[in-house]
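One chain comes next, on its own, written as C-alpha cells: the form predicted alone.
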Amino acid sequence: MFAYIIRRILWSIPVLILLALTVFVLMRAIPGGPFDFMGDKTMTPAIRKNLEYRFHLDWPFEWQFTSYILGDDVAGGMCRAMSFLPGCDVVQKSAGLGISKGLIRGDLGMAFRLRGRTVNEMVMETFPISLQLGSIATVLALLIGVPAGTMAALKQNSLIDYGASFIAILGLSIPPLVMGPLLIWIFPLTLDLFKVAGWGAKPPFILGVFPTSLGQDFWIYAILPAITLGTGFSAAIARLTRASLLQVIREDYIRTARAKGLREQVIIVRHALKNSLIPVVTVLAPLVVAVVTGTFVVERIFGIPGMGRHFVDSIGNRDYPVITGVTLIYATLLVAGNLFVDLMYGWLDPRIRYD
C-alpha cells in the first residue's frame, strides 16, 4: 500500500503542473490585464510599466511560467548559463527581484492587487475559515444523508421513502445561491434567530479547523451557512445511499445472514450498509471538495472572511497568482480526496488489493 501511495503522489505532480500551465494560458488569453484599472483612476503608462517590470509581466510567457514553477533564481541562472535563449535579456534585468521562489518550494507567488502580500499569506489566513465551513457542512450532510437514505431503502415504497425522496429532490433543486438568502430572510430577519456577517466571533480551533468548544457565539453564525451548503450534499448522499442499499439487501449473503439468525440491526449495519457505502465513498471526495470550494458563493452571501472573497475579486482584477494558487489548492484537495477514496475501498471491501 505504501508503494501505491507514493506512486499516486508522484503522478499527481505532473497533473498539478499541467493544471498550472492551463490556468496560465487561459488567464492571459482573457482581454485586459491586472493593471489596466486601479480603483477609481486609470493606470498611467509609466506606472504600469514599472509594475509589469516588478512582477515580471514584461517577460516572455515561457519564462514567466518557468519562474512560477522553479523560481526567479532558477530562471535567472538558466539565462546566465544559456544567454542565447530568446527573452533572456529581459529576464536577467529583473530576475534578482525575487518575486517567486517557485511552486516546487511551496511558493504561490506575490499577489498583484494585495500590495505587499503573498498568496501564501492570504491562503493561510482565509483557507482555514473556508475549511471550517466546508467541514461542518460535510459532517452535517453525512449525518442527515446516510440515515435518511438508509431509512428510505428499508421502508421502500412507504411514506418515509416518498418523503425522503421528495426532500432529497427539493434539496438538489435549490442551489446555495437561492437557499442562502431564503434562510437569511426566514431566520435572522423574520424570526430573529441566528445571525450573519459575524464569523469572526468564534472559539479557538484545533489545527485551524475544529472548534475546541461549542460556544454559542460561533454557532449562531455558523449554522445557517452550514445548512446552506450541506442541504444539497445531504440530498445527493441520501439518494445514492438508498439506491445502493436497495441493491445490497437483495444479495444472497444478506439472505444467508438472516437464515443464520443474526439480528436485523447487525445485518444492516455490519453487512449491508458497509458494502452499500462503496458508491457513496466513490463520489464523496469530489463532493467534499466541491463543498469546501463551494463556500466561495456562500461566503459572499453570509459575509464570511474566507478564501472565496479573494478568489472572486481576483478574477475581476486579473490577479493571476491568486487565481492560479486557489485553483491549485482545489486540485490538490481533489487529488488527496481521490487517494483517500481509493484507500477506503480496501477497508470497505477486503478483496481489493493495491499491488
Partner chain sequence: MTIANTASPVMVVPKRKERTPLGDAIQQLLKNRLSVGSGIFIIVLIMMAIFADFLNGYALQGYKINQPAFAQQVLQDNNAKFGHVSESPKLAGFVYWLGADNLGRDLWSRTLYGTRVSVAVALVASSVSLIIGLSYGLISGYAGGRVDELMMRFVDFLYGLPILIVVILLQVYFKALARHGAEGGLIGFILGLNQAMGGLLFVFIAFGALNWLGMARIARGQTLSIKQKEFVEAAKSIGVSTPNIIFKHILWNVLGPCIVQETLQIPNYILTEAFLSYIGLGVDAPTPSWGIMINEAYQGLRSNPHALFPPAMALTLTVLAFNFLGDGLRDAFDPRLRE
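Residue numbers count along the first chain shown, from 1. Please read all numbers here as calculations on a predicted model, not as lab measurements.
FYI, the form predicted in complex with its partner chain isn't displayed, but the following is about it.
Stretch 169-177 is the contacting one of 269-277, 169-177, 147-155, 107-115, since its residues have non-hydrogen atoms within 4.5 Å of its partner chain in the predicted complex.
Residue contact check for R309: none of its heavy atoms lie within 4.5 Å of its partner chain in the predicted complex. At the 4.5 Å threshold, heavy atoms of L57 stay clear of its partner chain in the predicted complex, well away from it. Shown alone here, I30 lies within 4.5 Å of its partner chain in the predicted complex, counting heavy atoms only.
The closest heavy atom approach of W185 to its partner chain in the predicted complex falls within 4.5 Å. Across the proposed site, L189, V297 and I315 without exception bring a heavy atom within 4.5 Å of its partner chain in the predicted complex. In terms of contact with its partner chain in the predicted complex, the residue from Y330, Y53, F65, F35 that brings a heavy atom within 4.5 Å is Y330. The partner is absent here, but in the predicted complex a heavy atom of P181, alone among P181, G98, G77, P86, sits within 4.5 Å of its partner chain. Of the residues in 11-30, those that come within 4.5 Å of its partner chain in the predicted complex through at least one heavy atom are, in sequence order, W11, P14, V15, L18, L19, V23, L26, M27, A29, I30.
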